[in-house]
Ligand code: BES
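One chain comes next, on its own, written as structure tokens: the form predicted on its own.
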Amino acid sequence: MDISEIRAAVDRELPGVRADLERLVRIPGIAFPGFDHSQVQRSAEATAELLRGCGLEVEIVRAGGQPAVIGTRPAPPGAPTVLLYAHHDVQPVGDQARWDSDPFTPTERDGRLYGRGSADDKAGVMAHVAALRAMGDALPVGVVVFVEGEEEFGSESLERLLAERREEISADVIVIADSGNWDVGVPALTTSLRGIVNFTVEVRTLASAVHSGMFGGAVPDALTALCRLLATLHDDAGDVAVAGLTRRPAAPLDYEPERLRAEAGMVDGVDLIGTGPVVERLWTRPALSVLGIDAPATGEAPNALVPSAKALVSLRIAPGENPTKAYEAVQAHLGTHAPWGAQVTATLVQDGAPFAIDADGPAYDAARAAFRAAWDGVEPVDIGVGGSIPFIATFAEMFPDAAILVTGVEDPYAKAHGPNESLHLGEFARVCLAEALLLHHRGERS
């Protein structure tokens, strides 16, 4: 097939791909505890059916966690094998009242398809399907499609699964379709991701609650002490104040503060925090966020000093940082900044390594050529991502000779993980074409 034939094939397949994407979005496959995990199984089965329709040998597999789907098609003689990754599980919907339409009823508005998982990451699954359908029997490479079932819940069993299936999924190129593009109309390769260290910090000042009028003014309460301790994590400008954390430069891209304000949905009058280039603050410097606090609810709180309070804190760490050393730095900071001698206990909840990619070589050249063609000559850019995909480091460790391409279907307005998640349908069509062209170019260059 030549490029014009591939374009025509993708255009021909897109209506069916769109319909199958909507069917996937209707399945509430949430791997978090407390949700109906039969829906995750249902999602895996639907994904397996789609891959079988592409002529792959397909198996639904587990390694103690939620079901993943592996589809394989051997390479022609002398051709490379490309692993195509995505995940079929989705985030919980949160407050459904904040959605403008039902989260699991795919709805099109103004050229975007709304629904939980429409972008993250069922569109990634369907981009793989679209490329395989378009290439058909002319597929010039071997493929392994690996669709995970618990990425949103931390990929707890992924490493075991990869180890068990290592020979089966070995590949020369790994395409991870779980990131995004620089903007609508501007394609991107993600070349760095921050790591993550989530931990709880508990502060105790009293054996039990005591009368706030009788003891307030002399006896510290734990919630006030916790607030003061958390406040020490940033300086007055909003930069992370924990000593010893890695910081590094980012790609030289101009990210206008007003664009960031709009994309984040910041309310009027709120300032950005931190100093230095916006892309460094978002991609290559540490960030600390308080995700939740265990304390009496305001409607139920008695007039009593709180004896203990606990917060869940998320630390995003820069590429090149070691998660263990970063957590040790945070522990040291908390220990030296405990107010009024309060007892402080930190507990690690989750960690994951950051990752940086040297995006040079034939596979990256093929990807950039595919992007230019799919976006009608627009030059792709290399970007960082402030979020974390810790399993990329696992893929790199297990398959050290493979080129890892981190791509995706999201754009700055996709609102993944939030209410009104959506997929830009025009960009999705370009992503599908780009992946088909990548497979074509990779086979051609072999």
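Here the structure is a predicted model, which is why all the values come from computation and not from measurement. Start at 1 and count along the sequence shown; that's the residue number.
Another form exists, predicted in complex with the ligand; not displayed. Remarks below refer to it.
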Among His87, Glu151 and Val385, does every residue place a heavy atom within 4.5 Å of the ligand in the predicted bound form?
yes
The stretch from 157-165, 324-332, 178-186, 128-136 that lies within 4.5 Å of the ligand in the predicted bound form, judged by heavy atoms, is 178-186
Heavy atom within 4.5 Å of the ligand in the predicted bound form, from candidates Arg52, Arg26, His417, Arg62, belongs to His417
Partner-free chain; cross-checking the ligand in the predicted bound form, the single residue of Ile389, Val40, Val69, Ile404 with a heavy atom within 4.5 Å is Ile389
Considering non-hydrogen atoms and a 4.5 Å limit, does the ligand approach Gln350 in the predicted bound form? yes
Q.
Can you tell me whether Asp221 touches the ligand? I mean in the predicted bound form, with a 4.5 angstroms heavy atom cut-off.
A. no
Contact with the ligand in the predicted bound form for Ile196, defined as at least one heavy atom pair within 4.5 Å: yes or no? yes
Q.
Can you tell me whether Arg316 touches the ligand? I mean in the predicted bound form, with a 4.5 angstroms heavy atom cut-off.
A. yes
Contact check, 120-146 vs the ligand in the predicted bound form, heavy atom within 4.5 Å, ordered by sequence, gives Asp120
